[in-house]
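First, one chain by itself: the form predicted alone, in structure tokens.
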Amino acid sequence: MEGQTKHRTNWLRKTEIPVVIAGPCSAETEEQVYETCRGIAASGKADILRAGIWKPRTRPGTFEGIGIKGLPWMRAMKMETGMPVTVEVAKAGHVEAALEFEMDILWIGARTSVNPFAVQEIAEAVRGVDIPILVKNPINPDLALWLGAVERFERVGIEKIGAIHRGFSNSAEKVYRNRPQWQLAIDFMAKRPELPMICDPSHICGNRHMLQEVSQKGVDLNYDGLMIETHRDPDNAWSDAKQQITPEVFGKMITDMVLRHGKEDDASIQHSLEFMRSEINQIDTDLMNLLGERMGIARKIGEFKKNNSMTILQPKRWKEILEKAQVKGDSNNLSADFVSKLLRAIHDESIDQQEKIMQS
């Protein structure tokens, strides 16, 4: 992997090459941890070793982590490989144990970051401790909640903080285990550009065959690193077997990653980029003007419907709009999903505009 230039500098990513965190979803046995971590280290493609010690599960009776007995295994791998190690913590007791066994980085899971009380408990446990904290996005797509979790650690004096994007739960999702909703992570980076952002494709995908694609997407979006679940024998893993890969597959996947080589401080590149961006800016302005005109007509239609005692929603008309837009979108290389989302947003705004007319 060759480097690229970042807009921002941060504590985690000291070079142009993204940081790679790898290790099993769960520490299961001493032998499993050692063999997996040694394989990862031998690949030369990881910077930090990870393992789940405590595993918050949806239902009781499933494997909920090996617990504190796994921490000495991680410390042993740290000493042997010279690589930092990171584990997930979900309460103050976890923090105390992790610090006792010299874990280098702690991460907060999605099931924990959704709960401000739990995050605050962990924050109090690390008050006065110089240890990096990585905060996964909450399971639901709530940017304020994600940012708030970060701020709780800042308020107790933690200076090295980062975020992990692992996707968001959605009962209607058919492709991913957790819907990526990339824009929400992008919005996080826009609000906190100084904080490193890690992509967790393992939890976004929930499978192996999409890992390369999603990892590449994270790299293309200029994320600071990747967190890849890696196991010596993925098919027989005690948790999340479908999304883990062997150290050998992991090494090849990272080797095959493509990084963009354009330098952002190159004057000729910036000139060309700014010219194209100015074109987009003008089109965006035109779009806003056209949408304004469209809403003006929608309001006139609202007046007409009100005067003629008609309902706002006309299902037949909406179906016609959507079908025509899908055809036109396809001819312009726009995905059906994008066209549907765009038209629904416009349609919802039209209904809101007409609703105001009806109630006036």
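A residue's number is simply how far along the shown sequence it sits, counting from 1. Predicted, not measured: the structure shown is a model, and the values here were computed from it.
Another form, the form predicted in complex with ligand PEP, is not on view; read the next lines as being about it.
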{"property": "Contact test, all of E88, G109 and H203, partner ligand PEP in the model of the complex, heavy atom 4.5 Å", "result": "yes"}
{"property": "Region of this chain that lies against ligand PEP in the model of the complex, out of 47 to 55, 29 to 37, 326 to 334, 310 to 318 [heavy atom, 4.5 Å]", "result": "47 to 55"}
{"property": "4.5 angstroms heavy atom contact with ligand PEP in the model of the complex for K136", "result": "yes"}
{"property": "Contact flag, H231 vs ligand PEP in the model of the complex, heavy atom cut 4.5 Å", "result": "no"}
{"property": "Any non-hydrogen atom of I21 within 4.5 angstroms of ligand PEP in the model of the complex", "result": "no"}
{"property": "4.5 Å heavy atom contact, R166 and ligand PEP in the model of the complex", "result": "yes"}
{"property": "Residues in 286 to 303 with any heavy atom within 4.5 Å of ligand PEP in the model of the complex", "result": "none"}
